[in-house]
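Consider the single chain below, provided in structure tokens and representing the form predicted alone.
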């Protein structure tokens, strides 16, 4: 459904996407992960025709993106993190306004409107102004707007940011149902448990490159178990790196996080004693992290060379 080959995007001398290769099959939910500045937003913007690129090819539905962007956009939808709606309009007025922009009318509008309202449980709020809705209700309206063209591909950018856990689960269930309808979903999020809950496959991007892609279950099975994440209170990064350099199976993820691979009681005891003797305060230790978070931290550690 989506095939990207040798995709390059530069902003001046900065290479935001460095020969990216990615394939996404029809009817799956793909989690796109990466640190801030890794290239996630740039990649999604290109796929939605919002940003151009210098090299490579992008095919969606078998169509070349740089030659038939309108035909592709008619069959896709991008639901941004920022809410794309008007507070002074009611729910139904917002939906009709955005349908008008896309020139959706008649029976097609009636069908997609009813489906969008049902999936997001908005029927009881039709005459309520968007500005009076809760954060979660606004998110659901944002999703409903994105469904008006009955898209085959949906792109979600951090759709649960800033909402409470109950509404987050509600929205995740809504997104998961799109797969049952045969739609393809590209989902970006910083919440690892969300990705593990709803995604079939994961692509991890760092420094403009896809450094790992595949079925989530396969990626996690390939990981060596027994990892532990040690979180510290802020202290000297230089001092912390010097300490890490003298201990095997320990990596510094950032200024306050270490990940230990293949740990045992003896190794853990040594690193904890060393941290204490150097004046580092431990905030928490999480054991048994044979999960997506451990994989992500290991692959995107700033000390790791991805070249």
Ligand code: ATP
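This one's a predicted model, so the numbers in the text were calculated from it and none came from an experiment. Residue numbers count along the first chain shown, from 1.
The same protein has a further form, the form predicted together with the ligand, not shown here; the description that follows concerns it.
- Across the options 28 to 36, 277 to 285, 52 to 60, 249 to 257, residues that bring heavy atoms within 4.5 Å of the ligand in the model of the complex belong to 28 to 36.
- Residue 190 is the only one of 75, 176, 212, 190 with a heavy atom lying within 4.5 Å of the ligand in the model of the complex.
- When you look in the model of the complex, the only residue of 24, 16, 20, 295 with a non-hydrogen atom within 4.5 Å of the ligand is 16.
- Among heavy atoms of residue 41, some come within 4.5 Å of the ligand in the model of the complex.
- Contact check for residue 170: no non-hydrogen atom falls within 4.5 Å of the ligand in the model of the complex.
- Among residues of the shown chain, residue 158 is one whose heavy atoms approach the ligand to within 4.5 Å in the model of the complex.
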